[in-house]
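Just the one chain here, the form predicted on its own, laid out as structure tokens.
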Amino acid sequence: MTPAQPTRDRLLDAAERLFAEHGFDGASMRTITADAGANLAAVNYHFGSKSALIHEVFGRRLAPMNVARLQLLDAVLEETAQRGEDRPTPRAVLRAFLAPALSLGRQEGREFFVLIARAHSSPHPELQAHIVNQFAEVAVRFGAALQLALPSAAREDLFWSMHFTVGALCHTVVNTQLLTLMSEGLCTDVDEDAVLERLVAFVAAGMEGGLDS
């Protein structure tokens, strides 16, 4: 972060980093404003409250990511129709879901996904509700697409599978350094496309083998 950045962006960057490091209750507004080179009045001016600041920290990353997901899903469904096929492959649907998230992890680093993990375990129901709202359309659209791809799968099983998929995604982004250490350098995340295809293959195999049998 640099002084040349707009104050609003500096506050968001500082909040994202400090919330990831210390949690939502552990990072005070004074700490955030000091890190951003701003003052408390700037938070009130740009966001109105700490709660609104937290929501905007998530919204600025999640909204573009989810737009990209839906655009990719639209492309998958359009290509499926153009081929004269009745349903997309699970791998194509999953690739549309996972690719934008892996790109976000590569561009912004692991901090934001640490923040996502903190939000999922947060005791604050309004924060969890905000996260759910961010994913509402994505959940509906991808749930329908997966049901189309795996017509004999129970809806309950699809929800569990997507839950596991999100867990695998977050773990992949956050803990690749551990994987590299454990594999003694054999496994790295240098090739983003290769990581994507490995992740798609893994979660698709679980769905194809366990849900549509």
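Residues carry their position along the shown sequence, with the first being 1. In this text the structure is predicted, and so the values were computed from the model without any measurement.
As for the form predicted in complex with the DNA, it is not shown, yet the points below apply to it.
Site annotation in the model of the complex: the residue of T188, S152, N175, N44 reaching within 4.5 Å of the DNA with a heavy atom is N44.
This chain is displayed alone, yet in the model of the complex one of A38, A68, C170, L158 has a heavy atom within 4.5 Å of the DNA; that residue is A38. In the model of the complex, at least one heavy atom of S28 sits within 4.5 Å of the DNA. H55 falls outside the set of residues with a heavy atom inside 4.5 Å of the DNA in the model of the complex.
The DNA is not shown here, and in the model of the complex it never comes within 4.5 Å of any heavy atom of S183. Residues within 4.5 angstroms of the DNA in the model of the complex, judged by any non-hydrogen atom, belong to 47-55 and to none of the other stretches in 160-168, 47-55, 60-68, 142-150.
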